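A single chain comes next, written as structure tokens; it is the form predicted alone.
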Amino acid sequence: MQEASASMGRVLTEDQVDDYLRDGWLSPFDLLTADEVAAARLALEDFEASCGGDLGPVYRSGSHMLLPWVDDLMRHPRLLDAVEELIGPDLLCWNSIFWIKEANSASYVGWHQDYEYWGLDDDRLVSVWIALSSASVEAGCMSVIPGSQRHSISHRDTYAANNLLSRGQELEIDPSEHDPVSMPLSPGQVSFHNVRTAHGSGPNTTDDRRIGLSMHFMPTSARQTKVDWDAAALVRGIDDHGNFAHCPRPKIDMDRDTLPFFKKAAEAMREIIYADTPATE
């Protein structure tokens, strides 16, 4: 099965690609116009209202299978051009996740490396973080430890109340001792980081919501090691490997035709994220 190929011309310079490969991150990258990001935020907040005002854990992850505008954003040609220049032409998107910190919120994201939890065997995966509102330092933008993608760092599960991660994951190091770099973004801008890059973010101390949408792109050759069935969207090129079931594309919001697949993918994701947690009585 084949999706659209890359457009003509480069969107990243050779220096930007080299910097990403060396340091494990790249930011900022201009993606959406002011009108486009305003429309995306309005669509999200309309959807939140239909859910009672909060996405909750149910719709925070995998909404590209339910909302056409998220699926379209995942396939944005300029975005895919950049990802292709980082990891190659045949691309799957493994998942999409909303990261929302309310105004003056104590919510934060603990420092962690995604590769330790996702069960994927290919460390070329690149995470894209799209700002749908201002993601300033004061709003709790993401920070990274440059070069950390070259090392595996021990983690602990804290289940801390304000940590937005499922298990409250935290690195067993002091990030401040490893020269972290903040990645502030204006609405419509994007950051990229490698699946092994250590990253985290602080609380939102501003009077506006900090709204981000992350998407996680990988070569079609990647495999899932923690479960027997997993899903991903084919967004560019050819999948000659068949390691993932391809996500269907929704035609309308909360498309009933894609809802069963969404629920199966969500169950697989929960099994993956909690696969190595200790048993409890």
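As the structure is a prediction and not an experimental result, all values here were calculated from the model. The numbering used is simple: start at 1 and walk along the sequence shown.
Below, we turn to the form predicted in complex with a small molecule, even though it does not appear here.
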Proximity of N95 to the small molecule in the predicted bound form, heavy atoms at 4.5 Å: no
Distance check, S214 to the small molecule in the predicted bound form, heavy atom within 4.5 Å: yes
Touches the small molecule in the predicted bound form: Q149 (any heavy atom, 4.5 Å): no
Close approach of M142 to the small molecule in the predicted bound form, 4.5 Å, heavy atom: yes
Among 172 to 180, 96 to 104, 152 to 160, 83 to 91, the region lying within 4.5 Å of the small molecule in the predicted bound form by heavy atom distance: 96 to 104
Interface residue in the predicted bound form among R209, H112, R167, R75, criterion: non-hydrogen atom within 4.5 angstroms of the small molecule: H112
Triple contact flag W129, H193 and S201 to the small molecule in the predicted bound form, non-hydrogen atom at 4.5 angstroms: yes
